[in-house]
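Below sits a lone chain in structure tokens, taken as the form predicted alone.
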């Protein structure tokens, strides 16, 4: 396993990301509330550049079977990564697709060493 110095910690603010290429792979490193996560920039749906999409929330639905009504609630603001091609949604903390069970973005270990963001590949 090789390690790569991606950037200085202060170069990726909270809520920001950097997309870089390592060994022919586009990889994005996100700062999520001071924690760093890294994913392959490749959506499972049609290989779109999912890590270049907006970070938003999502809409959840609840069904009231007694009244036969559906309620939609916008939730999880700043926790969902949206693929810009077709809108597939991924949990930015875990990389798991929120609409497809068992689908996750490939991830890479990230650690901080002396103010540098180090990614293992």
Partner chain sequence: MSQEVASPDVVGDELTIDSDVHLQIRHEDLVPYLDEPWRSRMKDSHTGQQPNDGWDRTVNGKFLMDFDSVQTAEDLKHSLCNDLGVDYPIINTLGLMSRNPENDWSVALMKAHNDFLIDNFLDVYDNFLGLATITTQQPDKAAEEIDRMASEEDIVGIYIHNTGPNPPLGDSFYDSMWEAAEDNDLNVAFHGSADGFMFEFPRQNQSLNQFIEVHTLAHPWSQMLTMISLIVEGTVEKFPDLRWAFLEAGLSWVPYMLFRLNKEYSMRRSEAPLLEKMPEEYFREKMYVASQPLEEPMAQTDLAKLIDVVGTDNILFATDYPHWDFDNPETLNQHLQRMFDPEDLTKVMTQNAIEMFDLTI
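For clarity, a rigid core is taken as the largest C-alpha set superposing within 1.5 Å between two forms. If you're wondering where the values come from, they're calculated on a predicted model, not measured in any experiment. Numbering follows the first chain given and starts at 1.
Omitted from view is the form predicted in complex with its partner chain, to which the following refers.
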4.5 angstroms heavy atom contact with its partner chain in the predicted complex for residue 95
no
Is residue 31 close enough to touch its partner chain in the predicted complex, meaning at least one heavy atom pair within 4.5 Å?
no
Report yes if any heavy atom of residue 36 sits within 4.5 Å of a heavy atom of its partner chain in the predicted complex; otherwise report no.
no
Residue-level contact is defined here as any heavy atom of the residue lying within 4.5 Å of its partner chain in the predicted complex; does residue 46 satisfy this criterion?
yes
Contact check for 54, 57 and 80 against its partner chain in the predicted complex, heavy atom at 4.5 Å
yes
Using a 4.5 Å cut-off on any heavy atom, which residues of 78 to 98 would contact its partner chain in the predicted complex?
80, 82, 84, 85, 86, 87, 88, 89
Core superposed first: is there a CA shift of 2 Å or greater at residue 94 between this form and the one not shown?
no
Core-aligned C-alpha movement of residue 72 between this form and the one not shown, 2 Å or more:
yes
